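Quick heads-up: it's one chain on its own, the form predicted on its own, in structure tokens.
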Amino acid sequence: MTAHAPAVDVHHGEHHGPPPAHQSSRVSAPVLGMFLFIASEVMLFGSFFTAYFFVRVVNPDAPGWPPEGFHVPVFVAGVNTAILVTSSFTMHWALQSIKRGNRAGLQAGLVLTLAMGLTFLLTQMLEYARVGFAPRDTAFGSVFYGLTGLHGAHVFVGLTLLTVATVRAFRGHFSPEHHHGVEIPGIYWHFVDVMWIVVYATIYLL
């Protein structure tokens, strides 16, 4: 008795496995994933802001905020804020350029964004070296370094994403039809910029 293997009918282009997941026609899955990730990051920053306002409200011994003897460089941080906000516009320019097929605009926008982001981060590091107090110096020191340091870590991540996007841009990887590698880091970078405006207003101005 001879066993015969069942015939296998192979059709090119036939879909095997589970059906494709439903996808919104307005928001692609990678972009939606970034928005959800940013939502979790907003909650993370929210916990730090909650701690900041709690410490400030329940600390009756401090006549001012920052306490006497603590001086934060408001002007330098303001210039740094202008640099970071400007980088959002160059990031937007880069994305709009590749959507129109303008590779030169894409490359220039990414390089400018990367340069301004790096300037912001280096300026913040210099600020830490000259500010004159440490995280262990009262609750204000802990909150100041906690919030600005958390944001600085996000800037570093954003710069890493922008570096990858810039290298790919100069290698010709993007097109008007395929530019998620620019759009997704851009969304993250805009989030970093907006979050810094909130941090600056809270820590340096209020």
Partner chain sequence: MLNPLRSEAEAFRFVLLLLGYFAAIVLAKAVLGTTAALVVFVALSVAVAAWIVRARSAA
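Keep in mind that this is a model prediction, so the values were computed, not measured. Positions refer to the first chain, counted from 1.
One more form of this protein exists, namely the form predicted in complex with the partner chain; it is left out here, but the text below deals with it.
Colleague: If you check 121, 111, 95, 131 against the partner chain in the predicted complex, which one has a heavy atom within 4.5 Å?
Modeller: Among 121, 111, 95, 131, a heavy atom within 4.5 Å of the partner chain in the predicted complex occurs only for 95.
Colleague: Contact with the partner chain in the predicted complex for residue 85, defined as at least one heavy atom pair within 4.5 Å: yes or no?
Modeller: Residue 85: yes, in contact with the partner chain in the predicted complex.
Colleague: Using heavy atoms and a 4.5 Å limit, would one call residue 35 a contact residue for the partner chain in the predicted complex?
Modeller: Because a heavy atom of residue 35 falls inside 4.5 Å of the partner chain in the predicted complex, the answer is yes.
Colleague: Answer with yes or no whether residue 31 is in contact with the partner chain in the predicted complex, where contact means some heavy atom within 4.5 Å.
Modeller: Residue 31 belongs to the contact set for the partner chain.
Colleague: Which residues from 176 to 206 come close to the partner chain in the predicted complex, meaning a heavy atom within 4.5 Å?
Modeller: Those in contact are 183, 186, 187, 190, 193, 194, 197, 198, 201, 205, 206.
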